[in-house]
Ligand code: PAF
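Next up: just one chain, as structure tokens, the form predicted on its own.
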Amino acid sequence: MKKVIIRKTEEIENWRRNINSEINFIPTMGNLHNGHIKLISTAKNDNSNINLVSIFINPLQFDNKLDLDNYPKTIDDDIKISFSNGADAIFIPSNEDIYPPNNKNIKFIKAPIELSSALCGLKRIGHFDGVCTVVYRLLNLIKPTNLYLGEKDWQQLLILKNLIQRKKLNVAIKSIPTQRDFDGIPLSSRNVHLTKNERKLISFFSSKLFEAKKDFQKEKKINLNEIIKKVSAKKISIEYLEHLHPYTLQKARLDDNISLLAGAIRCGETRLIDHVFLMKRRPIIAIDGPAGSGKSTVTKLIAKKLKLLYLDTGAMYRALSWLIVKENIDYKKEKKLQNILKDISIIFKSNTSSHQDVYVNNYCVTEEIRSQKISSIVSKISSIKEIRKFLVEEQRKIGELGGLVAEGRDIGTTVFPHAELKIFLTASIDERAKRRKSDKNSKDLQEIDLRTLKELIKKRDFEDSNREISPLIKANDAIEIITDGYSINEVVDKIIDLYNDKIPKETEIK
């Protein structure tokens, strides 16, 4: 495809009409650095869409005219950098193109107070209104499928996500982690103004944030005053340093698993921001739903794609049910059952096919637990108080460090109520029966006629939803996904998109 430079807003519609492709959009204010390069190259590698980079120094984002006048302008270099790293087109409009004089069609957008009044919004009055206005204008002109943004400006990222949601724009935000220079400071177009000594001071500030992150992983707490004291001792001017909830930007709570340590400092005439995410454990995805909704297949694929541990809690209940049947254990005798449970070991091991085998007391039961005989009793067995208590404790032990995706029927409500992402996966009875019928791992189900299979599924649903202990219900904060008519890969991609929207990319960096 021929690379093009577009300078007029009226040319955008013609260009869109001729490309016959979806668009990845990377908005910039020019003076491109390695952070911008990462955005452009990520968009290039993500898909086969057309990649459009805009270069526009938005006057509405500056609360100081001198700052606007001094903003670095490197248009020729920016064009070369954009094209050499994957841009197919560059949009370089003038102020008059973006904000035509006396044009009543230009909407000036206000950023939400709850997000814009904290952190940078405390001093930079109107800054985020300017960001929202220009991005809304550009999105309406370009109509991209994906919008690529960096997590360096985390507050701005949250505000733009809010904008897209409020305005019901059909565009997905793709974010990349903060990109850092050789000395650890975040890449920024303003870094060119820094003296050698100022860089050292900013590097010191960034290092203190990373030290705090390391300490937090051990202590699970943070001492803001101590950090401020160390930074101030270097004669660094701190504009703010806050420990906040990463999505609401309110004060962090004791039960927050992921929180944000964010600060802004000044060195000479240059103001720079930095942040780190603090985590008590790695994120957890909880996937609940009725039998046959596709939980196991979806969860396995998500675990593989996101490099998370796969926890099949349903297999644990099936394994215990299998043992009870095999050993003819009288599970109605509470005391005897409690003593037996103390000596039971249920573990997962990866096999040569990159799948998980289930072992009960070192005996592999992967195939046996999928029989109709086990399916017909597992709901009854799993409703026994002692068994649920035992297995929930085992599951929580596995989840102490996080970094897993678990599926079952009470994951989001009972096992991991503080999971970062909760999904309730379901499908119609007809759809689930068809899936069970075609499941090659359930050979005995293939011999049952479809009508009987539907009745068995209805019966299982009733038992799971009406048991006294941990019934199958959708958690209040779970996202329901009805999978009828969707392929497995479409469901997996949707859940991964939800995960990426919830979890900062920077938390994946070890």
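Computed from a prediction, not measured in an experiment: that's the story for all the values here. Position 1 is the first residue in the sequence shown; the rest follow in order.
Below: the form predicted together with this ligand, not depicted.
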Original post:
Are any of the heavy atoms in Met29 no more than 4.5 Å from a heavy atom of this ligand in the model of the complex?
Top reply: yes
Original post:
Could you tell me if Val135 has a non-hydrogen atom within 4.5 Å of this ligand in the model of the complex?
Top reply: yes
Original post:
Any chance Asn58 has a heavy atom within 4.5 Å of this ligand in the model of the complex?
Top reply: yes
Original post:
Should Asp153 be classed as touching this ligand in the model of the complex when contacts are defined as heavy atoms within 4.5 Å?
Top reply: yes
Subject >> Segment assignment from 203-211, 300-308, 178-186, 126-134: heavy atom within 4.5 Å of this ligand in the model of the complex >> reply: 126-134
